[in-house]
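Heads up, what comes next is one protein chain in two forms, each shown on its own as structure tokens, labelled structure 1 and structure 2.
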Structure 1
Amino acid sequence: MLVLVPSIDAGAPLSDAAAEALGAARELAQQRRCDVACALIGPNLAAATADAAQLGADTVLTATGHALDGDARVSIAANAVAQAQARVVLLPRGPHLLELAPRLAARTGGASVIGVTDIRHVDNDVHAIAAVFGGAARAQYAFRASGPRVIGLAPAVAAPPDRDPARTATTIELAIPQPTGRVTTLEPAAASSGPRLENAKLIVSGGRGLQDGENYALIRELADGLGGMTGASRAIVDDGWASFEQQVGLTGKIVTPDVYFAIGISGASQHMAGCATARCIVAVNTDPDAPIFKFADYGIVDDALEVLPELVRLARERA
């Protein structure tokens, strides 16, 4: 069993997503009666290596390198699969998941499924459960390839394991492959900075119920007052009221906050695929039959433009 974390910032600990992947691996390893290996890629991996051991990895495979391209990550990942003799590979959510999972499966003669919400041990093999039809249904996938099962995880698949500060793991250094020249980088992607929406504990999202782009300012005010971040439905991103970085949903960000405010959002399956695993959903919508109320823990049937100023006032008073 291998948990593969393809990109770690210099000196950074494991992300919440990687910890969740280790939690899923520990649960599955108990059923399959096997060890858990964790492969880490990035510069200065000391903190992440200690984290992986304390969270239950029996072996930690490290590839210490800067500015590795996609080909290098695939080669390192394939080497890690071979070293760990892994039959199942779990990849946490992250920016490299969509590219790495299918390429690693092809390189190792395996198969991949992405967006997996559950993994089941069936007849000495694993089946993957993933969303289909925009999150409206779930499908169960059985693997037929002879190679490893490469599984890209959705958020909140499992809870992180209990941390044991005294626990250590065997550490193996993986070789960094020489560049092959197959891919030429014409322009590096702009480095992201600041907090990430995927890691936010509280998110206030707006939708078409705001009626006008200028009213999105109320979403920002409420998020600021509550110490959270702003999100948006695809509809208002397409209209230019918010940026793509704020889009929550199947084609945007998958988020797992403690609290998610859905203000003027109907609750279509494509949007709920991005936020349904929030621990608490608070919905505001004029339509009492809006789908969002099927998911909401708390609901207000009213005009968002009437409710938002009052919520902003309360947030400021109780800050």
Structure 2
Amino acid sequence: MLVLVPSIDAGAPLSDAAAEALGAARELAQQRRCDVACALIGPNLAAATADAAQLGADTVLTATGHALDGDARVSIAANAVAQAQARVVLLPRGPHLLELAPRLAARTGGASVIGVTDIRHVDNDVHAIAAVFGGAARAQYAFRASGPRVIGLAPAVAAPPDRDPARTATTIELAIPQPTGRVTTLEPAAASSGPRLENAKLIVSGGRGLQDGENYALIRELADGLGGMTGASRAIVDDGWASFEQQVGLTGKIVTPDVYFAIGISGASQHMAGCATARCIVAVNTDPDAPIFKFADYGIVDDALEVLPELVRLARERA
């Protein structure tokens, strides 16, 4: 059993997602009676290595390298799989998952499924369960390839394991491959240093029900008034009313606020895939039959353009 963490910032500890993957690996390893190895890729892995050991890795494979590209990550990952003789590989959610999981599977003669919410034991093998059609249904997959079962995990599949500060692991240093130079970054994403939607406690999102891009200003005013951040459906990002960084959903951000306001949003499964785990969802929609009311905790059936100014006024009074 191998947990593969494809990118760790210099000196950073293991992320929550990686800790959850170790939790899932430990549960599986117990059932399959095997060890847990953890492969780490990044420039300075001391903190993450200690974390991996304390959270239950028996072996930690480290690949210490700067500015590695996708080609390098696949080579390192394939090497780690061979070293650990891993039959099952778990990858935590993260930006490299989409490329790395299927490439690693193809390179090692295995197969992959990403967005996995549940792993089942069937006939001494694993089956993976993942959402399809944006969450309208779930599919169970059996692996037919002979090689490793590569599983990309969805958020919160397992709890992070309890930490044992006394626990240590065998460490093995993995070689860094020669760069292929096939893909070179010319302009990196200008990561804004501001607060991130993924961490916001309160989000006000707007959709096509706002009627016009100018009305998105009301969404901003409400978010400001309540000390939250703004989100959007893909429909209005496509229309240019909001930016891609604000998109919530399957192909946007997955958010977990305490309160999520969905204003003029229909509630398509692909949108809900990004916000369904909010503690409380508030919907404002003119259509009492809109799907969003199936997911919402509180609903107002009314015109967003009449409700928003009232909410903004009340929010300002509170502040």
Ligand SMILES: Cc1cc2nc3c(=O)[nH]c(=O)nc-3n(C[C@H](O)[C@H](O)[C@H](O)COP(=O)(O)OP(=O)(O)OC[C@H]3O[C@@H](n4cnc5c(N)ncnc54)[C@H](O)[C@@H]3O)c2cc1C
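Keep in mind the model is a prediction, meaning the values are calculated, not measured. Numbering for residues begins at 1 and runs along the sequence of structure 1. Note that the rigid core is defined as the largest set of C-alphas that superpose within 1.5 Å between two forms.
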Form predicted on its own - structure 1 or 2: 1
V301 C-alpha moves between structure 1 and structure 2 by 2 Å or more, core aligned: yes
Threshold 2 Å Cα movement between structure 1 and structure 2 at I8, rigid core reference: no
Yes/no, A200 Cα shift of 2 Å or more between structure 1 and structure 2 with rigid core fixed: yes
Core superposition result - C-alpha of L314, shift between structure 1 and structure 2, Å: 9.4
For C275, CA displacement between structure 1 and structure 2 after the core is overlaid, in Å: 2.7
